[in-house]
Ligand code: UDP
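Just one chain is shown here, as structure tokens, and it is the form predicted on its own.
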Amino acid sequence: MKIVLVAGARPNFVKLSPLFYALRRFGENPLVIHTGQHYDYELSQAFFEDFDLPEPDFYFGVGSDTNLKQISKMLSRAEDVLKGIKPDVVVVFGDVNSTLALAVASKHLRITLAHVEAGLRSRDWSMPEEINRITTDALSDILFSPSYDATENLLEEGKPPESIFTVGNIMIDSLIKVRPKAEAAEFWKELGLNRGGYLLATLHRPVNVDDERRLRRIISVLNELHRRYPVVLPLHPRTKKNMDRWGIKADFIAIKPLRYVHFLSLMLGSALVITDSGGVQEETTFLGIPCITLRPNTERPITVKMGTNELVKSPEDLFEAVERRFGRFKKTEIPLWDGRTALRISKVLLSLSERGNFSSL
């Protein structure tokens, strides 16, 4: 079976790695396409190293651009590459631009398409990620859902039950694998921090960082919080560019983007995480670390239901939320978030291939 796995941005590398090696265990040799959506060292190459992944078989190098221009560049490259490979199935992950572009290209070329992390919904069409994930699910022949609430979303939208497989959260596979290295790294010590005594923040969503007024409010609140608890924020390139552009100064600990091992180490040592990332919501939920998500909605409501994650719409409401949740860890267990998701996905793909079902999907 000829399988293509597609990565483009940080979350994709975290999700691709366990499936790559699970398929290898079954004797398959998946090919990897890296679109270059995240192209700097910290947001791409370092993740290949953290997960011991070989160099990608194909690298598009699309770089930074508007969403539509990025997708257009990827589509152009994908057509030629996929025609040359002639894969049996293309596997895409999550909701980034690379996911949508390769999904569209695969369907136009009549290649079986599988979506890992299908069924997540924020109900917010202003988010590019929501457009990407809903469109990708509509195009996909095989839908790998991370949780039962995501499966319900797919069924309610009329997806054929036989195309849906509830397999669990593949990001947890990677977290479990890397956790011992992250624990040993104790990266928080390098920043002069004490375990359990600081806040970790991430900030990259356009709704938060592309609006000057809102970004100023958020940074102002983080500066104020830093007077009570140390705040550390690995600066996403998009966030840093806009802070520099608008002359917004950080009084807290602002550092360059981190490789996965070091970021996970910081998360494990934190008392609370403030984020607008989807993956961080999942990771903190699995670890039982209190999380505040600076968004009005989430495509991962299970993280709120389990009690580890709280949605906060206004930056000014962060103060009260931090006081309420600081250091209040909670053990959580979500079905199928057990580190075996990649094995389950591999078995489904192999079973469908053996039965000749790809050609009929």
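Nothing here was measured: the structure is a model prediction, and the numbers come from that model. Numbering starts at 1 and follows the sequence shown.
The same protein has a further form, the form predicted in complex with the named molecule, not shown here; the description that follows concerns it.
K.L.:
Taking 257, 260 and 277 as a possible spot, do all three reach the named molecule in the predicted complex with a heavy atom inside 4.5 Å?
P.N.:
Looking in the predicted complex, the three residues 257, 260 and 277 all sit within 4.5 Å of the named molecule (heavy atoms).
K.L.:
Pick from 269, 234, 290, 168: which has a non-hydrogen atom within 4.5 Å of the named molecule in the predicted complex?
P.N.:
Exactly one residue meets the criterion: 234.
K.L.:
Which residue among 73, 217, 240, 204 has a heavy atom within 4.5 angstroms of the named molecule in the predicted complex?
P.N.:
Exactly one residue meets the criterion: 204.
K.L.:
Can you say which of 334 to 342, 7 to 15, 347 to 355, 20 to 28 gets within 4.5 Å of the named molecule in the predicted complex, counting heavy atoms only?
P.N.:
Only one stretch passes the 4.5 Å heavy-atom test: 7 to 15.
K.L.:
Residue 283 near the named molecule in the predicted complex, any heavy atom under 4.5 Å?
P.N.:
Answer yes; at least one heavy atom of residue 283 falls within 4.5 Å of the named molecule in the predicted complex.
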